[in-house]
Structures are given as structure tokens and as C-alpha cells.
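Take a look at this one chain, the form predicted alone, written out in C-alpha cells.
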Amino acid sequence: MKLTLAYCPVACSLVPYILLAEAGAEFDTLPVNLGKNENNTPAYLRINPKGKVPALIIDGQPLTENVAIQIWIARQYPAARLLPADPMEYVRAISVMAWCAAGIHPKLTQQARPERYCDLPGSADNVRTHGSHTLFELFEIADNMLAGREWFFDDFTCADAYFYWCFRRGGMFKPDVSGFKNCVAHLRRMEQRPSVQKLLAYEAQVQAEFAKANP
């Protein structure tokens, strides 16, 4: 089986990268520079007409949408135990993943791309401010969920990888997230995992290659 992950540094495509590394899967990457709009080139749109990353190309067939990709990885590599075995815990983990995708992710986009929410002149700061308030409310929920726990469930799962990206990305917009102590501790634990260390090294490599190609 040949796997290729369409990936961009910092973007949520880091989540399946981490999970593939956790699973010990052999995979290639297709770096996509979102900053240069490579996601909207005809070549990439043939892979993912939505113009987004990630996309996981499985034996030539692209699979899109982060939650679907994560579930596929978990089912394809059951020995990695990327989702809980108990049926109720399994769907609860998917619930957290869906919350990251549909609840937290849009608020991160509101910080990065305020023009997608309102294009009135001078509205960007107001859009970001309102998005930041909601983002903090969501991080508070996550902080309570992580109280007294290392992971969202008994062991590391896809939910932890997805929330790691959410919290890390949120912190990049320079709000003070230090008050969410359980989320910060979770991020630190994630960064100790070999899969995340591999991801961070690869991320730095691709960022350097992008910078070199576009001085």
C-alpha cells in the first residue's frame, strides 16, 4: 500500500502526520505551500477539489477531511490503538475530534483569515477579537476535560493529536494561553512523544525549503 500525505507546515495536516508516525506507517509527503496558494493550483485541485490540506492519497485514491483520515489511520493500524476499543469511548473520542474540526478550527481560521468572515474595511481586528473570546471559552472546556488526566481518554488517541494542533495553533496568534494549565501540560506531553518530535523536525525542514524556494 502506498500512502502520500498532502501536508503544509503549521496547518492541521500535522495531525495525520503524527498519527501515521505513531502507527509506524510508511508514507511519503506532498508539501503544499498554502502561503503561495499551491492548494488552488490545477494539479492540487485534481487531488482535493476543496483546495485544502490534509489529503491522504491511498494507492492513488485521495481521502479528504481530517476526521475521516484519522479514523482510517486508526482502523488501518489497530495495533497502534489510536482510538479506544470500548464502543462508547470510541464514539466519545470521535466526538472530541469532531469538536476540534467544527468547533475550534473555525475560530482559529477567524484569527488567521478574518476576511473570510467580514470584508468591511477596518473590520479585521473586531473579527479577531470576537473569535478570540470564543476560542478561550473552548480552551476552558478542554482544560476542564483534561483536569487530572494525561490524555483525553485512558491512553493517547487521535483526539490528543487533533487538540494538540488546535492549542498549538491558537497560541501562535499571541494570546496568553498560559492560564489553561492542563492544556499547556498536555501540549508539553505531546511534544515529548517521538512522533511529534519527528513532525517538528520535518516541519522545520519544509519551512526552510519553502523559504529557500521563495526568498
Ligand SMILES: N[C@@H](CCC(=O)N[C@@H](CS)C(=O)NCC(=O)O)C(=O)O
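Quick caveat: nothing in here was measured; it's all calculated off a predicted structure. Start at 1 and count along the sequence shown; that's the residue number.
The same protein also has a form predicted in complex with this ligand, omitted here; what follows describes it.
Novice: Given the stretches 45 to 53, 180 to 188, 151 to 159, 22 to 30, which is the single one in contact with this ligand in the model of the complex, using a heavy atom cutoff of 4.5 Å?
Specialist: Correct option: 45 to 53.
Novice: May I ask you to state whether residue 12 is within 4.5 Å of this ligand in the model of the complex, using heavy atom distances?
Specialist: Result yes; residue 12 sits at the interface with this ligand in the model of the complex.
Novice: Check whether residue 165 has any heavy atom within 4.5 Å of a heavy atom of this ligand in the model of the complex, and answer yes or no.
Specialist: The answer is yes: residue 165 has a heavy atom within 4.5 Å of this ligand.
Novice: Closest heavy atom of residue 34 to this ligand in the model of the complex, within 4.5 Å or not?
Specialist: Yes.
Novice: Residue 105: heavy atom within 4.5 Å of this ligand in the model of the complex?
Specialist: Yes.
Novice: Can you list, in sequence order, the residues from 66 to 98 that come within 4.5 Å of this ligand in the model of the complex, counting heavy atoms only?
Specialist: Contacting residue: only 66.
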